[in-house]
Every structure is written in C-alpha cells, then in structure tokens.
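The chain below stands alone and is given as structure tokens, in the form predicted on its own.
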C-alpha cells in the first residue's frame, strides 16, 4: 500500500522533470542562437522566469511534505536533494538568460568569429551534460550521473584553452568580453550539471561525492 508521502514524492518528481524540460530548452536555444546570431533574449528570459517560479513551487511542495508526513531519513534524503536539484535547474535558466543577454547587448554589434569553434564545442558538451543530468534524474541512475565528470573535465579544458588563447587573439575588446563571458557561463552550467549528478548519487546510494 502506497503511503500518502509516496504520492507526494511522485508529484515532486514530476515537478522537477517538468523543470528539466524548461531548463533544457532554455540552455539549448540560448547556445544555438549565440552561434547563429539569432536574438532569442525575450524567449529565454521567459523560460528563466518560469524556472524561478517553478523552483518556488518545488520548495513549497517539499516543505509541505515534511510538515504533513514527517518523512523518515531515506525520504528526507530525497526531499533535501530535490530542493538542491531544483535550485540547480533554476541556475541552468539563469545562465542561459545571461548568454542571451550578452548576445543581445554586445555580440550583435559585430561578428566575432575567432573563438567560435571552442564555444561551439563547449556548447555541444554542455547541452549533452544538461540532457544527461535530467535523464539520470528520471530513474535516479547513479552510474549515468557519474559519467558527467568526464564531460565536465572536457568543458573545463576548453574553458582554460579559451583563456590561454584570448591574449593571443587579434580581436576587438567587445568580442573578447563577449566570448569570455559566454564560455564562463557555459562552464558554470556544466558545474551545475555535476551538482545535479552528485545529488542523484546521494539519492540512489547515500554516498556524498564530488564530481568536479
């Protein structure tokens, strides 16, 4: 017989997975639009604002479950982790919004080509990390979550490569600022993907790990 708490946890899981869909869309279109020169600022802003509201709803639901049903330790582990994951999903949206904002305010003024290969490669890896983190969340797949570390290391390597090469690139100050900010935002999204991975491993195994 299912407990009322189990029904509440299922609802909480569904809320997080819906957040995941919104977050993935925000990240994907912000990166793709930066590469293609399309302005999607207003759309990404809407998605980011939606994630903020959804995060509040997840926190409210989580505390409602705690107050009503006095969950045991294993249930609390899930609820605590879900609150953290919800915050990470919100950050996906915030950094996606930052990318679209910088693109709108700076990148449209001139074409910045030199480092786009690095940004494109980083973007592909970051989108993959977002997708993997959400897929791992669906089934609390700790092995899939652990795979995020490999891609995270690759993203970090690209980030540092951009920083190393930036002093050698014959580009304008505006382009340098734009591209450096974007690779930083991508690196931060990758970090939050690993945070989600850590939370999933904790839910599944009770083990506290650091994937970064």
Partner chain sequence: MPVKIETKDLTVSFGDVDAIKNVSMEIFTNRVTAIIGPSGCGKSTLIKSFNRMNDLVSNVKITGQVLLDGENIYGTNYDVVTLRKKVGMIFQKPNPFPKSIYDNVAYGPRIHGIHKKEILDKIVEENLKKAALWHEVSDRLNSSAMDLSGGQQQRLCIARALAVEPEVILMDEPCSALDPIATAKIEGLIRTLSRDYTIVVVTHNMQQAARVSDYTAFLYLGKLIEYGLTKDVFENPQNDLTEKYLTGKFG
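Residue numbers count along the first chain shown, from 1. Just so you know, these numbers come straight off a predicted model, no measurement behind them.
There is also a form predicted together with its partner chain; it is not shown, and the following applies to it.
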*Determine whether any heavy atom of residue 77 comes within 4.5 Å of a heavy atom of its partner chain in the predicted complex, and answer yes or no.*
yes
*Should residue 70 be classed as touching its partner chain in the predicted complex when contacts are defined as heavy atoms within 4.5 Å?*
yes
*residue 205: touches its partner chain in the predicted complex, heavy atom cutoff 4.5 angstroms*: yes
*Is residue 3 one of the residues lying within 4.5 Å of its partner chain in the predicted complex, judged by heavy atom distances?*
yes
